[in-house]
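The chain below stands alone and is given in structure tokens; this is the form predicted alone.
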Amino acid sequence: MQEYDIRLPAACGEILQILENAGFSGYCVGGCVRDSLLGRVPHDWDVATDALPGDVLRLFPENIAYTQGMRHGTVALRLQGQTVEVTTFRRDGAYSDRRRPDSVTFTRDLREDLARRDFTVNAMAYRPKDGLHDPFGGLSDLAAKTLRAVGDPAQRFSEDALRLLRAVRFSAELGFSVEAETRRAMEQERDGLREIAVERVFEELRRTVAAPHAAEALRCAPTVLFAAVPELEALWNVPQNSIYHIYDVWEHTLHALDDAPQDATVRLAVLFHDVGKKAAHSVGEDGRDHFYGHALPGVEITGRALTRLRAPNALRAEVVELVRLHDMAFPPKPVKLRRLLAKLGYETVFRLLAVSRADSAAHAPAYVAPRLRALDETERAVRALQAENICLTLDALAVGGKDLMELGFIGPEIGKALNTLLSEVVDGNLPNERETLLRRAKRLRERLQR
């Protein structure tokens, strides 16, 4: 038996041992095996077994975490501080909703269970007793960095259209290429993505863009991306005949994505930052392409797409704001920079700088260095202000509503006066000192009484 460096967590080892002692077989399966063979630390561990769900409940009465998946053979166990899903070997029935099987049939055959899985690299099983079970060549595909569907790829994707996006995500995460037949089937079955819950589409998109090889994965599967997020098709076939660019909008976006940090919010903003260029396109008298004001249609398209995908509200708002501001000139004047920090906060401003830096790096080479120098200068200024701990919010203001009430302010006057004081502090016209602010507040109160 060949040795593999697969180190089972204690919880999995205990589960396999208890199953074996009771006369059943159990194997670690799927992504945890794949990641272990790649030398990665698995996030989750899953066990497949010939024991029926009822047998699992009987064998682990004190360890049941949840049983919502029992209809499909899954019982989640909690042992030694870890949750492990244990699923009975099964064959899947028809997939009428293009996502989950209408029914499952339990089997005692491990190969049958592995045959229903999506890709060969996810269709391997392992247990210490007899090593790796790899009936579909997953190990050789791992070595070749190839993503290949198990069996007929068109059938795999027609069963569960989300597998199309999973293929793109695995390619983005692992740096794998998609095998030719599998890629053709992805093109053929891409319309099935219309039937997938938008929340699942967004989660796959979020994880894909944040992955190390996102740009290359999307470059190889544009039609799948556009089927999942039709709004992004506005990036396609938009030339940029301009002294500032050497790529069309799609390639510019992918190069920018490659230069962006692996922060999902930043990467989503980079993906959408030029989505308004097609709508804003014009040709000047010099024959050059221009995209004046492209951020405005970009904001509308980005907001519409992320709303449709039911992205979290805070994330959607931040991505839209980054798209709105991505083309602003840096470094702004000190007052404008302080106002920007007061409006967005440090975290979002650093993300805006990251988006702008990625965008700039994907321009024509002659314009890259000056843009990056300007961004570096702005970042140094932001970090200096952060080190000073300047006042940017009402919470940090040296006076509060109670202080103004004691000066005679009432009702809406209080909020208006506090915002006036904050604005003057942010602009650098007043120090954030209690006595100075109280004197200024008294003058504001006197003005109200005239």
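Don't overthink the numbering: it's just position in the shown sequence, from 1. No experiment lies behind these values; they were computed from the predicted model shown.
Heads up, the form predicted together with a small molecule isn't pictured, but that's what we're talking about next.
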Which of these residues, H290, R219, R207, K278, gets a heavy atom within 4.5 Å of the small molecule in the predicted complex? R207
One residue of T182, T265, N122, S360 in contact with the small molecule, assessed in the predicted complex (non-hydrogen atom, 4.5 angstroms): N122
Does the trio D44, R163 and R166 actually contact the small molecule in the predicted complex, every residue with a heavy atom within 4.5 Å? yes
Counting only non-hydrogen atoms, which stretch in 317 to 325, 373 to 381, 113 to 121, 256 to 264 is within 4.5 Å of the small molecule in the predicted complex? 113 to 121
Taking the shortest heavy atom distance, is G31 within 4.5 Å of the small molecule in the predicted complex? yes
Please tell me whether any heavy atom belonging to F170 falls inside 4.5 Å of a heavy atom of the small molecule, as the geometry stands in the predicted complex. yes
